[in-house]
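Heads up, the chain below is alone and in the form predicted alone; it's given as structure tokens.
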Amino acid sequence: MAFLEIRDLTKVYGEKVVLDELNLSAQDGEFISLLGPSGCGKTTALRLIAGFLQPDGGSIAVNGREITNLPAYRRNIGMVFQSYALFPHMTVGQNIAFGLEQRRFSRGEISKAVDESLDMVRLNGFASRRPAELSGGQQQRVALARALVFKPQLLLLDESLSALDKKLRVQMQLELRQIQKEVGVTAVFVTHDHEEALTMSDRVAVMRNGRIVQLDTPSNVYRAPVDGFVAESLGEANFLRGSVRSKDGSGFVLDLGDGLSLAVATDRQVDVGETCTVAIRPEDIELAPARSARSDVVGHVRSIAFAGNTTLYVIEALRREIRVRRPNSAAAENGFALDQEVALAWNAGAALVLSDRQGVS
């Protein structure tokens, strides 16, 4: 039995269905991210689990116990909000102790638990400080300590890293994940940042229109998306759409129209005449001077954007723009110039084949 079990969870506001019979399960100690655009229902799902909202249908169970109709304070669930929601007039220690005081723990138990929580989030010596005296990362740690201090059975995080700058956010992703593993608590994390979801999660649930489109490991949702929406949700992708002209044991030929075609090496089963979309990640495409490479795809460099450790090239090829992202390193190519003729190539496994019913949304 799954530790968290959500069945046919539904939430309706007026005529708008925000959650449409959502189903989700999580194992004990698992870290699951809900990923999707604004309005897809991910935060609503989190608030229903927490007990801040009541569903219009469906059920929620934690550790075999039905909690659908329990008030929030009886669910033993910890939550870290996007704004941290720390009390500005209280010290760090008082903020962490607040939930324990509400649960009528003794002074001795509270003092010990607060000290242990501060140690857990590496904030020893900060108990007497006020939230305004802390950095964003330190405030995030306090909010996490407050959510974990009473040893909840489930931890919910609502875009809790989005207020941090990029460098600190990356650091806190690793720290938060490490703490979650050390504590062993099951966690559900809401984010719209695909890099965050891929970095932190055991599994990623990609959401659209109140439903989960795909739930799988970070590697699988990135390398084997079920449709174009998922492919785009997990990062940049070039989409080539056409019909299957012919096929053999190594793949098929995709007719792109206007006399253009593309040989696709794949073991994905397709039928001649079937309409499908091929998605290729920009980082999976190799570039070479056109005269020195054997490739069926040749184009011209139309723009170049330096991005630190990578360079983004926009190549005009196959009568469309193809985005190519190449690493900047001593071992990498020396670069290409505007209007230079280049050849494009990619490994067989880089072509993600999506059927017509799972095409770009």
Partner chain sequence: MAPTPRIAGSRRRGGSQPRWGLLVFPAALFMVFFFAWPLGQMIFRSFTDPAMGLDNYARFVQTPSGVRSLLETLAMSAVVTLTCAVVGYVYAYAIRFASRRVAALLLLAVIFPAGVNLLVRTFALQVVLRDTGIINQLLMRLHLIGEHLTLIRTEFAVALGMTCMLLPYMVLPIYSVMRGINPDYVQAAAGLGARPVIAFARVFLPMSLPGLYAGSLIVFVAGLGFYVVPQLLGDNGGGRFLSQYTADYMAQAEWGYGSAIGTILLLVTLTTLAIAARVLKVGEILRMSFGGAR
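As the structure is a computational prediction, the values presented were derived from the model and not from experiment. Numbering follows the first chain given and starts at 1.
There is another form of the same protein, the form predicted in complex with the partner chain; it is not shown, and what comes next is about it.
**Q** Only one of 321 to 329, 47 to 55, 26 to 34, 302 to 310 has heavy atoms within 4.5 Å of the partner chain in the predicted bound form; I'd like to know which.
**A** Partner-contacting stretch among the options: 47 to 55.
**Q** In the predicted bound form, which of the listed residues (N124, Q102, S135, S219) lies with a heavy atom within 4.5 Å of the partner chain?
**A** Checked against the cut-off, the match is Q102.
**Q** Report the residue, out of L86, L161, I280, L287, that has at least one non-hydrogen atom within 4.5 angstroms of the partner chain in the predicted bound form.
**A** Looking at L86, L161, I280, L287 one by one, just L86 meets the 4.5 Å heavy-atom criterion.
**Q** Using a 4.5 angstroms cut-off on non-hydrogen atoms, would R141 count as touching the partner chain in the predicted bound form?
**A** No, R141 is distant from the partner.
**Q** So, V253 and the partner chain: in the predicted bound form, are they within 4.5 Å at any heavy atom pair?
**A** It does not: once the partner chain is placed as it appears in the predicted bound form, V253 has no heavy atom within 4.5 Å of it.
**Q** With heavy atoms only and a cut-off of 4.5 Å, decide whether F239 touches the partner chain in the predicted bound form.
**A** F239: no, not in contact with the partner chain in the predicted bound form.
**Q** So, in the predicted bound form, is V170 in contact with the partner chain at a 4.5 angstroms heavy atom limit?
**A** No, no contact at 4.5 Å.
**Q** Taking the partner chain as it sits in the predicted bound form, which residues of 150 to 177 have a non-hydrogen atom within 4.5 Å of it? Please list them.
**A** Just F150.
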